[in-house]
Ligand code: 4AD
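Form predicted alone, single chain, as structure tokens, below.
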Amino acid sequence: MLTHTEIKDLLNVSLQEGETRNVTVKGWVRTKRGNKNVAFIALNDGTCVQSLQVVAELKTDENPNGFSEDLMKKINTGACLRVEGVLVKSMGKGQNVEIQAKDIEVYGQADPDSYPLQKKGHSLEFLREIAHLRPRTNTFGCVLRLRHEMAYALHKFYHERGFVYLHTPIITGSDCEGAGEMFQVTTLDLENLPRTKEGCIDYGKDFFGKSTKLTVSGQLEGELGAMALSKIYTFGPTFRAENSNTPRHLAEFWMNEPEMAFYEIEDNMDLAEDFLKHLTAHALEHCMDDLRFLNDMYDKELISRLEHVQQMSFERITYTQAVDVLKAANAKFDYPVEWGIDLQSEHERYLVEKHYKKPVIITDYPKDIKAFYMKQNADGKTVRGMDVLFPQIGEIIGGSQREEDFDKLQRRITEMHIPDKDMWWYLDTRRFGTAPHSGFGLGFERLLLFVTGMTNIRDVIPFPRFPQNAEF
């Protein structure tokens, strides 16, 4: 039974002059100020970025029924309270209503000498060191509410279009695309590893009877689902063991990967554009208070960028066209541009922010820099890959039309020295009832960087995992 009203609901109440309501609220103290006669407590319960002002009259000779000094000493920033009182129209600026407290219960105190969030203005770097407490700040309250809304909007988008949510495995025996170091999963005794006669680790004695790892992608299994259900999507955690300490990399992150039978590359691009516009529109419609806070505090162009995505059709160019634009650019790049290179973030952002001034979708990449499963074009040099580039971010979506021809796919697997024994099940989808199909992957934290205006990927996930850090 709910015994209180959430603050977001009370802040939307419009009272007439003289109208009052009896209410109970619960939350954490953001600030307390006042004088010997009255205390003003800003209370926040995490349901919105705004706090509700609680007015508590103190016990004095003139007001013997006020709150005691002993109680007030327990109420500091971080303390958790239950407040019963009267909701009234506020006379102060910046708020419609406030509570005149009649009863206050302190659920939990927060020692002002040791509570890390006692003061305002902590750096994001400091807050990463106390990730267990940073959700209590306004910044991370906004970020985490936006993260929830984007996950909800993602599921809503696919559900309304007839997609099936497919749960793909986290533990895998294959590497999706040679995507880098993977985390080993094992029950073997690391102090006494079993060995074969040749001296190699005997994974036959491991839990699964073979070497297994944490997945870098659910795509390959997603393709299996699409070959039976037509349209599926995955959404879950993925892992990469890169020893990278950049603002763009995490060891554990979330991926969304739709896979669609009978979709060609043009259909894939249409879906990706519709998807990103749906997500940004949802943020603008349902999260404006949080967006305004982040816009004012961190990125003055955040809301205008989100609105810009809504207003513009994405530019669609080939990789060759992109290289031509970059080579002709009056700009100095750290990485030289030649046909055949993997475009860097500086190249992607130039195309989006300087040249086209809108989101860009690049297609037809060189075969040699893309994954084995991408459909080969007739020129023998390029594949039907696609990357969606966003301002501030660079690549936000990567995808392709998948190679449905069994012989071409097997040749490509051989060229890239991928063992057939690891891919027999994947090849079966081309052996039995193959069909044109496409898909893409969205790095969820990349999306959140764009939607929140944060600049470090560690600030858009509740508990970041990166080299030498696995706290909480």
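The shown structure was predicted, so the numbers you read here are calculated from the model rather than taken from an experiment. Numbering starts at 1 and follows the sequence shown.
Not pictured, yet referred to below: the form predicted together with this ligand.
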Looking at heavy atoms inside 4.5 Å, which stretch does this ligand contact in the model of the complex, given the options 54 to 62, 25 to 33, 414 to 422, 441 to 449?
441 to 449
Contact assignment for this ligand in the model of the complex, among 309, 291, 323, 396, heavy atom within 4.5 Å
396
Of these, 210, 159, 327, 249, which has a heavy atom no more than 4.5 Å from this ligand in the model of the complex?
249
Given that this ligand is not shown alongside this chain, does residue 217 nevertheless sit within 4.5 Å of it in the model of the complex, heavy atom to heavy atom?
yes
Evaluate residue 242 for contact with this ligand in the model of the complex, applying a 4.5 angstroms cut-off between non-hydrogen atoms, and reply yes or no.
yes
4.5 Å heavy atom contact, residue 373 and this ligand in the model of the complex
yes
Non-hydrogen atom contact residue 348 with this ligand in the model of the complex at 4.5 angstroms
no
